[in-house]
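Next up: just one chain, as structure tokens, the form predicted alone.
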Amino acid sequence: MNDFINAMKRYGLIGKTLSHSFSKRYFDAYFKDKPGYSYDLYELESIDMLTQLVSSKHPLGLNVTIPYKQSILSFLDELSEEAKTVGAVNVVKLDYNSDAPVLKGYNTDVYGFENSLLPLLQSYHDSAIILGTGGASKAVAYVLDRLNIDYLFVSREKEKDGKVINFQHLSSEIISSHLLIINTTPVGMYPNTATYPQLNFEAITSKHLFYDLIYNPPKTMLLKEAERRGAIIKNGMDMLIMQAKKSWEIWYD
């Protein structure tokens, strides 16, 4: 059985809605000259379907996207130190050499976000607003902690601990004093491209840096509105490519 599984060399992406996925295009191109390798999309209505997927498809590696980066944790046997600290996983490596599959979780969003953000930072980008509190926001916060950048979460959820505020309380004063704004929500992502997180764009200046983790469309309405006011903007494509390359290093190791 193990020889059969290893011969298949099957990888893939799990999430709820994957029609927007870049990962399959990326790995299909990457595997073009690698006979026997494949990359598939696995849309799961519930993370509980992961066990059946593993037993039926025997993937050697999985990428994980919205909304399962946190809920997958209880299905994993091991976590890398980084994934454990972040509390979210976007890469899983599977080992079938035991009686049951062993699943180890990693977080390569940290690597991709940090290395794509660093070239854009200026000394005055010392305070940030993180839009959203999902799995991707945890990787962003981990990087900001490492870079000694203070941050505030903005969410539709209940406010707590002074670190999370509601969108309705995101004042012009807060925006003016936080020159790095990072969107980790799916708001504005294809196909709902006309939407964007609601904030007071009148407070945006040319010193603001807007980083939207969304890559499809390449320029979200959020980025367009920020750019109109002179802000530096960045989408999530470079982050995605970097974390995809890191995924392969983990799987192939």
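We call the rigid core whatever largest set of C-alpha positions still superposes within 1.5 Å between the two forms. What you see is a predicted model; the values in this text were computed from it and never measured. Note that residue numbering follows the sequence shown and begins at 1.
Heads up, the form predicted together with a small molecule isn't pictured, but that's what we're talking about next.
Residues within 4.5 angstroms of the small molecule in the model of the complex, judged by any non-hydrogen atom, belong to 210 to 218 and to none of the other stretches in 30 to 38, 224 to 232, 47 to 55, 210 to 218. Gly61 falls outside the set of residues with a heavy atom inside 4.5 Å of the small molecule in the model of the complex. In the model of the complex, at least one heavy atom of Leu240 sits within 4.5 Å of a heavy atom of the small molecule.
Heavy atoms of Leu199 never reach within 4.5 Å of the small molecule in the model of the complex, leaving it off the interface. The closest non-hydrogen atom of Met189 lies within 4.5 Å of the small molecule in the model of the complex. Of the residues given (Ala83, Val92, Leu180, Ala136), Ala136 alone sits with a heavy atom within 4.5 Å of the small molecule in the model of the complex.
Although the small molecule is omitted here, in the model of the complex none of Ser71, Gly105 and Ser247 has a heavy atom within 4.5 Å of it. For Val64, the Cα coordinates differ by 2 angstroms or more between this form and the one not shown after the core has been superposed.
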